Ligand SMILES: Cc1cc2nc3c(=O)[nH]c(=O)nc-3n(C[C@H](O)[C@H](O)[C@H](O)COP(=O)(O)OP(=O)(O)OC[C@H]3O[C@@H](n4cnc5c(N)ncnc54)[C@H](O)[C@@H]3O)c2cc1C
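Have a look below at one chain only, the form predicted on its own, in C-alpha cells format.
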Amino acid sequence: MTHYVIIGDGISGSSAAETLREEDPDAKITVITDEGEPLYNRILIKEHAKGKLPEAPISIHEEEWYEDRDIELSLNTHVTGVDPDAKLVHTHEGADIEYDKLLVATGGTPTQLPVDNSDADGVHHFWTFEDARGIREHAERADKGVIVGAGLLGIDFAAVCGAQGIEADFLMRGDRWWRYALSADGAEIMHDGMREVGVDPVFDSGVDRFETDDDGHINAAVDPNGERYECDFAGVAIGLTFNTEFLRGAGLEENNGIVVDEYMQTNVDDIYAAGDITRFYDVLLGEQAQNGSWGSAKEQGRVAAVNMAADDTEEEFQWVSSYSITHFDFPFLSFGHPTLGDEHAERRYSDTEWRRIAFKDGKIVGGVLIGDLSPQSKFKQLMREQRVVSDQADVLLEQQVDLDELAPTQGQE
C-alpha cells in the first residue's frame, strides 16, 4: 500500500488529497497542517474582515470530509524536518512519519516590515482565518489606518478600511499602485476607487518606522521622508516568506520558492511541491514562473497528485491564472503574468474602464482588465494557443473583441 504524505492543507494540499483518493482508492493518505482548522476559503476571508460575511460560509472542509475519504488529518502539527534518504517526515512532537511519495504545499507566511515596531499591537498581516478574525475585531473599533504594500493583497486592506469606516493612508513606495503591471492611466482608476471609500493613496512614501503609545499599541507611521501619519490600525502586505525552513538539508533546489518542473516534481526523487511555494516551469511561457492565485494552486495540487499516483509522469501543469477584485463600483481582473511583458498595448474607454495586454515574443503573456472583464476568455485562449498577435493589438483593444478579425498567423502550427 502506498503512503502519500501531504504537508499543508491549503487549497493545493487539499486538492491533492482529494485527487489522490480518486486515483489510488487503496492508498494511505496523511495530511499535516500547523493550522488549527481544516481548509477554508482564503478568497472569502477578506469579506469576513470587511464585516460582510459570517464565519460559516468561509469553511470549505469540516474534519468529517477527511474521515469520509479515509484521509488522516493532523491539525496543529509542525513539521521540523524531512529526510529523503529514509523517507521520513519529522514533527515537533518527536514523531516520525514514513512516506512513499511526499507533497510539500506549505505556502508562505506574510513578510514582516524590517522596521521598528513592525510587530506592535495593531499591526496586521492578512493571510489566515485567524488573521481575518483579528482584523475584523480591531477594524470595527479603529478610526484611522495606514496600509503598506502596493500590490494585490494591499488593496484588500484598503477595502477593509473602506467597509469598516476607517480613514486610511495607503503608503506606496512608487508613483502608483501595482506599478509593475499598470500604467498611470489604469492605476488612476484604482486610486479614484480607493479615494471613494476613504482611503488616500500616498506616493513615493512607505514606512521608515512605526510609533507606539505607552501600552505598545501603534499610534503612527513615519515614512522615509519624515512625514508622520497618525493611525491606530495598520495593514501590511509586502509579500510572502515561504515556509521552507524545515527542508534545510533535504537537498531540494530553491530559487525564491521550491523549483519544480511542469509535472510538479522537485529535483529529489518522490518529493513534489504545489501552490504558492513553487517556482514552476510554465509551459506557456517556456520558463520558470510563480503564481499565487487560488485557481493555480488548486490545479497544481491536482496535477501533482495525478503524477504522484502514476507509474510515470502523465500530466503537465498548464494554467492561465486570474485574480479578481470586487471591492469598488467597478470590477478588476488580472490574468496570466502581466508584469512579465516586453511590450504592452492599452486603452482607456471611460472613467472606470481600461485594458492593458502584456506581450512577450509577440504572444500574450498576461494583462489587466478594469471595468469590462468580458474579453478575458478570449485573451486566455490566445495565451493557450501561443499565437503571435502583438502586431494586431488594435483588434485586441476594440471594445468588443472579435478573434475572427485576427489575421491567421503565418508559419504557426
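All of these numbers come straight from a predicted model, not from anything done at the bench. Residue numbers here begin at 1 and follow the sequence given.
Just so it is clear, the following notes concern the form predicted in complex with the ligand, a form of the same protein that is not shown.
- Think of it this way: in the predicted bound form, the ligand has a heavy atom of just one of 229, 263, 203, 323 within 4.5 Å, and the residue is 323.
- Interface residue among 193, 338, 107, 186 relative to the ligand in the predicted bound form, by the heavy atom within 4.5 Å criterion: 107.
- Remark: of stretches 203 to 211, 310 to 318, 254 to 262, 270 to 278, the one touching the ligand in the predicted bound form is 270 to 278 (heavy atom within 4.5 Å).
- With a 4.5 Å cutoff on heavy atoms, residue 238 does not count as touching the ligand in the predicted bound form; it lies far away.
- When contacts are judged by a 4.5 Å heavy atom cut-off, residue 79 counts as touching the ligand in the predicted bound form.
- The ligand in the predicted bound form is approached by residue 297, whose closest heavy atom lies within 4.5 angstroms of it.
- In the predicted bound form, none of the heavy atoms of residue 346 sits within 4.5 Å of a heavy atom of the ligand.
- Contacts with the ligand in the predicted bound form, taken as any heavy atom within 4.5 Å, map within 8 to 36 to 8, 9, 10, 11, 12, 13, 32, 33, 34, 35.
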